[in-house]
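Let's start with one chain on its own, the form predicted alone, as structure tokens.
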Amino acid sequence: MSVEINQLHFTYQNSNFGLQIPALSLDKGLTAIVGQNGAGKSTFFKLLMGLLPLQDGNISINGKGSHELTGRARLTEIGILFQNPDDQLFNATVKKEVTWSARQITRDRAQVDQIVESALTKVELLDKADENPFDLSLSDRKLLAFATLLATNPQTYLMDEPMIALDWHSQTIVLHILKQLADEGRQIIVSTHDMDLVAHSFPRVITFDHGAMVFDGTPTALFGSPAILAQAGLLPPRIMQLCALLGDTNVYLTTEDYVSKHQA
């Protein structure tokens, strides 16, 4: 699974904002995209999805030009979870939401039923299959939107702030599924402001600032670079913020990381 970007330039009409990515290669596994609001994360996702037209440069998704992906081919190659689940939900019941997605990739009734049951089971919403989506809590609506994406099971998952509005249990569900998908060879690209999430779950992090890519590497390298953090307006994980108040400026990704380093 791969996304290849070369000489990408995009500018909104009547705006001085421009996204510029000279070269970027994204492989399978978990990748976090971080940066302040307005840094270019959402624009980047929309360009990958084809929701914005390419102006200059090339995007290749799993060996195919983004312009070649249409209809069912696009659904099976790349899919997106929006930050607001209400932007993706429109059917009368929970089951019908996931069924609609499943029917975009197969018309076989038995396969559709199997996909729907599997997706709802994974997000623990099978017992709410007959409920109206808008009678669910915001956290459950977000899980339902995720289930509709699981139903198409693309090679590349784009997730815009997937943890926002989720309670703790729902966060563990989503994180478990994302790690499982990555282990199965899927590509997971997550846009997030949650540096603790980045620190404990993502081996690779890419940072945008004012439309430019300013960092690409490990969380350890990012959080060990005060200049990059300051430029992008980011804070380190909370464990590092706490340690800094005590005069310890070393890099710690999690509390477990802190304990292990001090035990050593």
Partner chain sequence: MDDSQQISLNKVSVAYPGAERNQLSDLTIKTPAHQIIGILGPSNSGKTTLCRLLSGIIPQVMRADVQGEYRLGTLNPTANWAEINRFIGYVFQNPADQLSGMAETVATEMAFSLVNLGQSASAIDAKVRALARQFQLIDQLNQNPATLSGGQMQRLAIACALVTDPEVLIFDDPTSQMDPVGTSQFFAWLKNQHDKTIFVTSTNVDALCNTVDSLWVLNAGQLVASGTPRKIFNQPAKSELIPAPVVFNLASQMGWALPDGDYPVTQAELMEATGHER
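Residue numbers count along the first chain shown, from 1. For clarity, every value in this text was computed on a predicted model and none was experimentally measured.
Keep in mind the form predicted in complex with the partner chain is missing from the figure; the text below concerns it.
Contact annotation for Glu77: none of its heavy atoms lies within 4.5 Å of the partner chain in the model of the complex.
Mapping the unseen interface onto this chain, Thr121 falls outside it, with no heavy atom inside 4.5 Å of the partner chain in the model of the complex.
The partner chain in the model of the complex is approached by Asp196, whose closest heavy atom lies within 4.5 angstroms of it. Looking at Leu242, you'd find a heavy atom of it within 4.5 angstroms of the partner chain in the model of the complex.
Taken together, the three residues Asn6, Pro219 and Val251 lack any non-hydrogen atom within 4.5 angstroms of the partner chain in the model of the complex.
This chain is displayed without the partner chain, yet in the model of the complex the stretch 231-239 from 200-208, 231-239, 57-65, 24-32 comes within 4.5 Å of it by heavy atoms. Listed residues Asp183, Asp108, Asp167, Glu117 were compared with the partner chain in the model of the complex; Asp167 is the one with a heavy atom within 4.5 Å. With contact defined as any non-hydrogen atom lying within 4.5 angstroms of the partner chain in the model of the complex, the contacting residues in 133-167 are Ser137, Leu138, Ser139, Asp140, Arg141, Glu161, Ile164, Ala165, Leu166, Asp167, given in sequence order.
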